[in-house]
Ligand SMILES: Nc1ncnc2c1ncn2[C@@H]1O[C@H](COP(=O)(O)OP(=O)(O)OP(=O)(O)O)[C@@H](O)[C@H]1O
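Coming up is one lone chain in structure tokens, specifically the form predicted on its own.
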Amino acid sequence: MVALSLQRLGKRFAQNTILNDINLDIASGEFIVLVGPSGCGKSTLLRILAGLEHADDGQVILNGRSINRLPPRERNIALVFQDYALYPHKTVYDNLAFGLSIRGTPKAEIAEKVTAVAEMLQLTPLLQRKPAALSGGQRQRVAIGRALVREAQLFLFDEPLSNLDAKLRTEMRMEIKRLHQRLGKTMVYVTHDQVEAMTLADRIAVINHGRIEQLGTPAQIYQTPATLFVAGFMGAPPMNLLRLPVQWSVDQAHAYIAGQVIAVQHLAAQQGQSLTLAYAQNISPSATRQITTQQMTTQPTITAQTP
């Protein structure tokens, strides 16, 4: 069942196109990660889903209903911000309860939901503290808990771990993954960190210049990149990109690139034509990773595998 459908979505600021023809279907309970370099449009896309920005083109369909014209308070979508956005004068309990309070939720129900979420996120001993008395990881858990108490139909995360140190990032990644498995809710997560993308996602959408370059599982994104941008962006260290001439064997069974024999599955190149070769050196000598080459003129995708 499709929980969220983005149909030909577009966004412009003045003369600058930020999002262009975004099409994406997200299944109910799926964890989708939007990854890409800074400025590619991924956070703008998240803000459109939350209702903080309006799309210039296309439709956002949530559970079969267009939400383009709905204000944020009527969308039942929870957003976790990059900078936590906690109220410094309120306790952890009051921060968690605030969203429910302004909706007129009965106090007994608020207490029940806050207690349950605090226990889930190991915040119970901290309920009477204020944000200034919390560590970075604790503040992040409070921000996530504030979204969880709403029992929203869609959860959005806008680079929620970027302000944490390496150790806390690893711990919070595990915590977010456990939360998704426990709750089974649809989640859309924005990051520029490919490690987060590869470890958290059911599927990854790689975005560049406002377009989705490739959508697939982490294994698909890593092993069979669809474009040179994906090949160069995903992976640590990144794939090497070299522009080299191609020479064919006499029987046309093999191609030679930089003196190396390539067993060709599909290579639409002429003798001496320059191609861009993308390749990765694996740790294991026996392991192979598919490589993608692309013609510099007509730009068809060509896939080959090292022998």
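Position 1 is the first residue in the sequence shown; the rest follow in order. Predicted, not measured: the structure shown is a model, and the values here were computed from it.
This next part talks about the form predicted in complex with this ligand, which is not shown.
Contact with this ligand in the predicted bound form, defined as a heavy atom within 4.5 Å, is made by none of N23, I61 and R211. Though this ligand is absent from this view, in the predicted bound form it lies within 4.5 Å of a heavy atom of just one residue from Q82, Q122, N76, T217, which is Q82.
Residue-level contacts in the predicted bound form: of H192, K185, K113, R169, one residue has a heavy atom within 4.5 Å of this ligand, and it is H192. Though the partner is left out of this view, T276 does not reach within 4.5 Å of this ligand in the predicted bound form, counting heavy atoms only.
Under a 4.5 angstroms non-hydrogen atom cutoff, this ligand in the predicted bound form has E159 among its neighbouring residues. In the predicted bound form, this ligand lies farther than 4.5 Å from every heavy atom of G51. In the predicted bound form, this ligand stays beyond 4.5 Å of every heavy atom belonging to A55. Taking this ligand as positioned in the predicted bound form, the residues of 18 to 51 that bring a heavy atom within 4.5 Å of it are, in sequence order, I18, P37, S38, G39, C40, G41, K42, S43, T44.
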